[in-house]
Ligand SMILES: NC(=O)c1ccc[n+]([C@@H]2O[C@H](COP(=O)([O-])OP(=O)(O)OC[C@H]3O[C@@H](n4cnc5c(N)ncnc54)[C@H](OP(=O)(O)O)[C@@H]3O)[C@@H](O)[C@H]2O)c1
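Here you get one chain, nothing else, as structure tokens; it is the form predicted alone.
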Amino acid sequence: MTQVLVTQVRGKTGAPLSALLVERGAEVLGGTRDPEALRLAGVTPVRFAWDEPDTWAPALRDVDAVYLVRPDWENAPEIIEAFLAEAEPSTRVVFLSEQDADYTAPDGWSPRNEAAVRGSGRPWTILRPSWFSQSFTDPRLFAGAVLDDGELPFPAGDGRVAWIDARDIAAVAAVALTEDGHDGQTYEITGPEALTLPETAEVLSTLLGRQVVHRDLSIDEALGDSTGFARELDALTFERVTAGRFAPVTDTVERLTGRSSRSLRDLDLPH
């Protein structure tokens, strides 16, 4: 039986991935800061936290594969390198990166994250998803504005986004973690269509049964009072949206799972 450690098991991809791995007969270890609170069917909770390095080696002990979700911290490349050094050389690593990860700022952060994985000496697969459709159900992102205020405040210009459902990312990850033939591969993962932000607002309106309007902000307005590395990272992300870097559409989900990716129109939203 394949034993898989899922880091950030409570995350958008971690929970659906764990369920898929259980269906595939894998032994799933759910990495979480609070193991006693984890309730996922078939998942064994294990203590794991990025800011507690003494939890890394015990969580990795005897695992065959690890689903690695990076911390969005400035020192993430160094953390990833140190974490993977604790894994057995045969441990398969599936790393959740991001679409258009070859950009160079701030300080080449995303390429350096991927370089830490590729240079780890472990078999690796890198996943590069577009923006998650679940951004619209996350209260830390757009859920409040969309669900409560009926607007989508987003600096986009004419940019398009091929929104990807987290469940489809999980499906690709499950294949890469449990099947052969994916070592050394980098997969760009998107939904089936690229939508402008006004088109995105129209889809959300249909899903909700009430109007949602896109409000195009400047990047500075969208960043608000954020500071430091988080501000740099968010600014660059919005710049890439306006430049159309999240518009390419791929068939990765269909090729690896045998079914088409979900559209934003398939997102579950409360009415």
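Numbers follow the displayed sequence, beginning with 1. Keep in mind it's a predicted model, so treat the numbers as computed, not measured.
Omitted from view is the form predicted in complex with the ligand, to which the following refers.
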Practice prompt. Go through 197-205, 175-183, 122-130, 86-94 and give me the stretch that gets within 4.5 Å of the ligand in the predicted bound form, heavy atoms only.
Written response: 122-130
Worksheet item: Looking at the ligand in the predicted bound form, is some heavy atom of each of Arg33, Trp73 and Ser135 within 4.5 Å of it?
Response: yes
Discussion item. I'd like to know whether Phe238 contacts the ligand in the predicted bound form, with contact meaning heavy atoms within 4.5 angstroms.
Written reply: no
Worksheet item: Does Val69 reach the ligand in the predicted bound form if we count a contact as any heavy atom within 4.5 Å?
Response: yes
Worksheet item: Would Arg262 sit within 4.5 Å of the ligand in the predicted bound form, counting heavy atoms only?
Response: no
Worksheet item: Would Gln8 count as a contact of the ligand in the predicted bound form, using a 4.5 angstroms cut-off between non-hydrogen atoms?
Response: yes
Worksheet item: Which one of Val43, Leu60, Ala49, Leu223 is close to the ligand in the predicted bound form, taking close to mean a heavy atom within 4.5 Å?
Response: Ala49
Discussion item. Heavy atom within 4.5 Å of the ligand in the predicted bound form: which residues of 191-225 meet that condition, in order?
Written reply: none
